[in-house]
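The data below hold one chain only, encoded as C-alpha cells and taken in the form predicted alone.
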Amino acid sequence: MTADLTSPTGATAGAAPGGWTDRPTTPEGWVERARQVATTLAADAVQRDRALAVPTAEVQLLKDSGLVTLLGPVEHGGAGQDWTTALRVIRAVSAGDGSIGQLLGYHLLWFWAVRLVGTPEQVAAVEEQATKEQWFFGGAVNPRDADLVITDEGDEIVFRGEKSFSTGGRVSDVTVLEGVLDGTDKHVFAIVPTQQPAIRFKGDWDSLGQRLTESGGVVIDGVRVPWEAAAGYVRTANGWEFQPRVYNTLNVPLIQIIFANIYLGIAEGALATAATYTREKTRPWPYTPDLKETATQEFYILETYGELRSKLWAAEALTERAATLIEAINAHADTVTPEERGEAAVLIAAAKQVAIDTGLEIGTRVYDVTGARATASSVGLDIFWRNIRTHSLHDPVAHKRAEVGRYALLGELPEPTWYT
C-alpha cells in the first residue's frame, strides 16, 4: 500500500524531550500517558491557537510519548493496543488541545486503514515500517470534493487533482490518497510520502476552530504509485482488481466514533478549565439575600456543574458502549456481516449526536459559572466551543439523528456511504 517510503521521518530512539524513557504496558498506562501529553498541550493551547502555528512540535510530542504507535504491532515496537484504548487516548489528548486530539485521531484511523482495505501482505509491510519509523499519517480524502483522477500507466498509477481539506498536511510523514481510476468506477487508496514535488499544500487553513489541524487544501499533481501499492488490489488475469469485503466499509464508523471522542475530550477540557477558574477567580454574587462567602458555595453554580458533569458522563457511557461494537467487529474482521456493521454505525451515530449536543452546551454554559471576566481573551474559554462548533459541522448532525430515527421507527440500518 506504500510507494517507495524510505525512512520519511528519521525516527530516533532514547529519551524523549518530554522525559519519557519507557513505554506503558497497560491500557490504563497509555491513557495516563495521554493525560500527561494533554497537560503539556493545555499549558499554551490558547496562545498556539491564536498564533495559528504549524504544529510541528506538537506532532513530535505525540511521537516522543509513544502515542503515534499506539496501534502498532508489539514485535515492531508498537503498543499493540485496541481501539477502546485508542479512543480513550484520543479523548484524553483532546481535553488538552482539540486540534492535536484531531490530528492523533485521524492519524490512528489512517494507520489502521491498511487493515480495512489492504491485502495481508500490505498490512504486514505497512504496519512494520510505519511502527518502526514512527510515521505520522495525514489524509487527502474529502468525499465532498471531486475525486482525484487516477491514470493507469502500466506498472504505475498516477494521481492528479485537488482536495479542499487534507488533515495532517505539512506535519505528516505520509499521506493517504484516494481517487477513481479514469474511465471506471474503481476507487483506489494508497499511502505516499508527503514530502514530494507532486504534493503541494496551500496553507490556507484559517477556520473558527480546530486551527492547528493543518486541514487546508492540497494540490496533487502527478503522484506516482506502483500497482502493488494500491490498497487491496491484486493482479488477476483481467488486470488489477480489488478484493471487497464488508470490513472495508468500517472506515466511516471508525472516523465517526473518533469524532465523538474528540468532542467529549474538548468538553472535558472546557469543564476542567472552567472549574479551575471558578475555584480561583469567580466571585460570589453580592446582591442577594442569600449571601455566600465564595463562588463555590453558590447553589446555581453547584447545580450547573452537577448537571453538566452528569450529561458528560452519560455521553461518555454511550460512546464507550459504541466502542464495544467496534471491538466485536475487529475480533472477526473477515466474517463481519452487514447487519453487525449497520448496528455499530447506528449506535455510533447516536453517540456522535449526543457528544455534539453535550459538548456545545458545556462550551456555552461554562460562562454561566465563571462570570463576565472569564470572557477575557487571555482566559481562552472560547477555544472549546469554537473547536466543537467547527468540527461538528463535518457532516450535518441532523442526518445522524435521522439515521437513528429510521432505525428506531422502521428498523432500518444505515447503508455504507462516504458518511455512514
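Just so we're clear, the structure is a prediction, and the values are computed from it rather than from any experiment. A residue's number is simply how far along the shown sequence it sits, counting from 1.
The same protein also exists as the form predicted in complex with a further copy of the same chain; that form is not shown, yet it is the one meant from here on.
Q: Heavy atoms within 4.5 Å of a further copy of the same chain in the model of the complex: which stretch in 80 to 88, 112 to 120, 125 to 133, 160 to 168 meets that?
A: Going through the listed ranges, the match is 160 to 168.
Q: Going by heavy atom distances of 4.5 angstroms or less, which of 47, 56, 26, 377 would be at the interface with a further copy of the same chain in the model of the complex?
A: Only one listed residue qualifies here, and that residue is 377.
Q: Consider residue 288 of the chain shown here, and say whether it contacts a further copy of the same chain in the model of the complex, taking contact as heavy atoms within 4.5 Å.
A: Residue 288: contacts a further copy of the same chain in the model of the complex.
Q: Hey, in the model of the complex, does residue 207 get a heavy atom within 4.5 angstroms of a further copy of the same chain?
A: Flag for residue 207 set to yes.
Q: Given that a further copy of the same chain is not shown alongside this chain, does residue 407 nevertheless sit within 4.5 Å of it in the model of the complex, heavy atom to heavy atom?
A: Flag for residue 407 set to yes.
Q: Any chance residue 63 has a heavy atom within 4.5 Å of a further copy of the same chain in the model of the complex?
A: No - in the model of the complex, heavy atoms of residue 63 and a further copy of the same chain never come within 4.5 Å of each other.
Q: Just give me the residues of 246 to 267, first to last, that have a heavy atom within 4.5 Å of a further copy of the same chain in the model of the complex.
A: Stretch hits: zero.
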